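Given as structure tokens, the chain that follows is alone and in the form predicted alone.
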């Protein structure tokens, strides 16, 4: 007669955790420090440095080597969470001199324009580099982003922001008036983050692959209607205009309700597809 298998006792949560390898903060990492009031900041961890907050000072040496997700205390004893920042967090803390493309639009742009690993994408202009960072993060490791800007000082800021995020290796920055056209052809997607995109539709069409994706972001209705008029051409199809509103809620079980503030209108998104028009031979 076969012996019955011996049933072992189920493992405790502590035993499972003891076998789990811990990911720890290292020198050079970007770290998000979240205080008890949910005020936060992002710092790059460097030996010998310290970060000053409204609830005390934290030495970088005390953070380096600690597990991510752990709680640390400032010199006044105030608790902080040590976390890895998301791309969403990093974009909201970018140094900027112009309005950025917000994460609520940036993520949707990636899906709508089918941008992912290996994609080749043209962007004009670079701005402060927020959308550039999202595009670069999406196309890695084998894709490429070509970012055009006419203002050298603005593109320099975008370049510094991308370098800080470790994403500059997949971006080619170019100082160019795009009225002269783009260097690239057969790119998968092209985004015009400019106040007058209707002036550059011919250049955009020449750079896009047949059926490629065109996108633009405009803040006002009169700009949208002008772009729509320009897109009423056999060269463009599947034109769409959309707006994204983001409404956060207070994540407290005892008083769950909408937050007092929301990120409402930041711009209109316009999308279209580049069409191939066969030349008549008759």
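Residue numbers count along the first chain shown, from 1. If you're wondering where the values come from, they're calculated on a predicted model, not measured in any experiment.
The following text describes the form predicted together with a small molecule, which does not appear among the structures shown.
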*Considering 72, 110, 87, 154, which brings a non-hydrogen atom within 4.5 Å of the small molecule in the predicted complex?*
154
*Could you spot which one of 130, 187, 167, 139 gets a heavy atom to within 4.5 Å of the small molecule in the predicted complex?*
130
*Which one, 113 to 121, 205 to 213, 79 to 87, 187 to 195, holds residues whose non-hydrogen atoms are within 4.5 Å of the small molecule in the predicted complex?*
187 to 195
_4.5 Å heavy atom contact, residue 163 and the small molecule in the predicted complex_ = no
*Answer yes if any heavy atom of residue 177 is within 4.5 Å of a heavy atom of the small molecule in the predicted complex; otherwise answer no.*
yes
*Hey, in the predicted complex, is residue 100 touching the small molecule, heavy atoms inside 4.5 Å?*
yes
*Should residue 150 be counted as a contact of the small molecule in the predicted complex, where contact means heavy atoms within 4.5 Å?*
yes
